[in-house]
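Next comes just one chain, in structure tokens: the form predicted on its own.
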């Protein structure tokens, strides 16, 4: 929808006819807001909808909801819908998004197992919570599979609705894009909240009751009962339509595009968002990082280019924030594993500080980890875990990495100070100063 809206801004209806096919009933909505709707912080479904099909129609953008595309004829310039209708095109934007990761475990499609992909998923989870009660009056048991952003946000949301919550991970720690020392803080916060966390346990099957409904899971380490199971196992690119049409996929499994979001082998076709491969600004390598921020910007690039205005996508750092209870989490750039894989000789420095002046009554602990290239001090990545006010500090580090700054550059930068917001030396600049003071070789 960002591609359609941008193209319309640049070209009027007399010059460009825009048609959108959407398999569901909603367009332009915040999937990231689903956990907060489930948890009760967002009052209703409509609050997550940014723009409706009718609003797009008022801008001469025709949206066909309930219309699933099942084929693309690249030679003929036609998209075929499931109901048999055929839509011709001169330029095509593929924004099929992501496909939730599903391990090959029996029972994942059973009633009582829920994804967190579309608004209808959120509605289904809310309905199950509203309708269900545990035996003998005990709270319902919610089991979350996966420890990424969505998995942890859903664990907190279920607990907020009164459920007993268990998180089961195949990995040693949650938040695999954090280094182990920072991820351990997240794991500790979950347990302090009363959420049970079981690590290094791949799910082998979803257990079913006599009615065929999910009632738990079996892992390598044991079995866990549940009244509902939520899947937060990550997201891969949804590329079946593109691959069946013969469009080239990149090494990440996503659609191979250039920096104008054009498919390299068919320049009249664009791809943007979670279905498209992109590149990392620090490593220089190809990447697939499914985040709404990237998707929206890539869509704008595609819409600009097909409407005749040159544009290029500038790449990603993978900057993201989330929270678990009162613990805020932020990350950007490369973690140490990624830095090593990219061939950097790196160093990692972690400092402990407070989010506000230490004497301020609302000051909370924060840890800032900075990853730099040895010798040059070039900033490669950063992670922040701490109390209220911690997470958005990652944006300062993301901006510094984006601009190619060194730790010494950042240490000398002019950041703001007032006791309710920061110590006199902000934790970000303190971390950068530690790198500079202790040497960069």
Ligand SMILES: Cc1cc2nc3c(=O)[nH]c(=O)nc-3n(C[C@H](O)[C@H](O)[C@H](O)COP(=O)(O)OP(=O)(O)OC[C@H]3O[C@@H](n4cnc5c(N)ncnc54)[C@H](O)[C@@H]3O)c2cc1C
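Numbering follows the first chain given and starts at 1. A quick note: this is a predicted structure, and the numbers were derived from the prediction, not measured.
Only in words, not in the display: the form predicted in complex with this ligand, which the text now covers.
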| Among the candidates 32, 42, 396, 405, the residue which, in the model of the complex, approaches this ligand to within 4.5 Å (heavy atoms) | 32
| message | Looking at 113, 291, 140, 74 here, can you tell me which has any non-hydrogen atom within 4.5 angstroms of this ligand in the model of the complex? | response | 291
| message | Within 4.5 angstroms, counting heavy atoms, which one of the listed stretches 19-27, 427-435, 413-421, 5-13 is next to this ligand in the model of the complex? | response | 19-27
| task | Indicate whether residue 149 is a 4.5 Å heavy atom neighbour of this ligand in the model of the complex. | result | yes
| task | Indicate whether residue 273 is a 4.5 Å heavy atom neighbour of this ligand in the model of the complex. | result | yes
| Is residue 67 one of the residues lying within 4.5 Å of this ligand in the model of the complex, judged by heavy atom distances? | yes
| field | Contact flag, residue 173 vs this ligand in the model of the complex, heavy atom cut 4.5 Å | value | no
| message | Need the contact residues for 87-105: heavy atom within 4.5 Å of this ligand in the model of the complex, sequence order, or none if there are none. | response | 95, 96, 97, 98
